[in-house]
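Just the one chain here, the form predicted alone, laid out as structure tokens.
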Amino acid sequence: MSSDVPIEIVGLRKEYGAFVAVNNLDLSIKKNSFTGFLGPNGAGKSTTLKILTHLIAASAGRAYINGVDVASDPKNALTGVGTVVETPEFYSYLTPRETLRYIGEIIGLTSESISSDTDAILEKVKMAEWADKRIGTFSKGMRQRIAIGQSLLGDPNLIILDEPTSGLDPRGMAETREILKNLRNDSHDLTVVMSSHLLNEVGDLCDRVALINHGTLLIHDDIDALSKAGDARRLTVKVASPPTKESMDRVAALDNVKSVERYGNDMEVHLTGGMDARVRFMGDLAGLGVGAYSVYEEDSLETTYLSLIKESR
């Protein structure tokens, strides 16, 4: 496997008795991308990342990091890799500064490297103000920021995060996402893989998406391409009066309209095709006389996600 590919997963399978958590998964992560590993709860995301970080063994298949087989040579495979895979646990009597020093020593960094990195990392994760406070007094969100900070030790070229905002309150989620967004914007030689089941989180942070369900890869592409991959876009057409069957039939007869349903006092239209189809639909809709005064498109990533997950059941 090429060292130019940060992560290469080939035929990966994990079985727990009769239950198959990961089912012959193939996945290649693009260098310098921020990839969202997306899927519903129980899709196999965490299992895959635990195999990738050598926390559990695969039943079959291979996982490579920077060209090195994780199962046969985990030390070299995980060198230069930062991870936050399970719920972070820290010694409550240590401070963030002491924690980074302790972890840095464990992974073999020099004292000079740890000292030079610590202040910069604590600034990045917005914990500089609490650098010398005991972790036992911190909220879960603050602990999560320390966990992300320790993943930055040693200036890694790859970071693997398993649902980094899971269990946080809205403020903690927003703070963590801001840190990750800044990390994406400020680091040009860094690959990040982040699992999540939150569509808005992936849409906000990631430039690529790998969608998984039942341990099987459904699609992997740039996020813009994924947003356009579903079979139809969902449009809400707001009308001046509640839609009648006659007005809905008129809309349904337009080109590229797959279906029309009543949605409260509005219409929900599923439209196939690209930009040209939408432009044509808007022009045709105006001439129908159904009292339409506003049209807006539902989140296309959500539409695609729900369509692909439904098809994979």
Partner chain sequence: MMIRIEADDFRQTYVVAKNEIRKFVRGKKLAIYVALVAAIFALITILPYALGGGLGDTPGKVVSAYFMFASFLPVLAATLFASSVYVSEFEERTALILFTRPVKKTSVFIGKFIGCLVLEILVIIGFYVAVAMAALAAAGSIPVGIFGSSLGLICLYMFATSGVAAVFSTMMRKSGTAAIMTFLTILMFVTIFTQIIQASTGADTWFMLDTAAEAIVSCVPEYREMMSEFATVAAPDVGKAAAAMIGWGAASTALSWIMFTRKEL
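Numbering follows the first chain given and starts at 1. Keep in mind the model is a prediction, meaning the values are calculated, not measured.
The same protein also exists as the form predicted together with the partner chain; that form is not shown, yet it is the one meant from here on.
Heavy atoms of L205 never reach within 4.5 Å of the partner chain in the model of the complex, leaving it off the interface. K75 belongs to the set of residues with a heavy atom inside 4.5 Å of the partner chain in the model of the complex. Looking at F138, you'd find every heavy atom of it more than 4.5 angstroms from the partner chain in the model of the complex. Contact annotation: N185 falls outside 4.5 Å of the partner chain in the model of the complex, judged by heavy atom distances.
Considering the partner chain in the model of the complex, the lone stretch of 253-261, 46-54, 279-287, 23-31 in range is 46-54 [heavy atom distance within 4.5 Å]. Of the listed positions (T79, T216, T236, N200), a single one reaches within 4.5 angstroms of the partner chain by any non-hydrogen atom in the model of the complex, namely T79. Of the residues in 104-124, those that come within 4.5 Å of the partner chain in the model of the complex through at least one heavy atom are, in sequence order, E105, I106, I107, G108, L109, T110, S113, D117.
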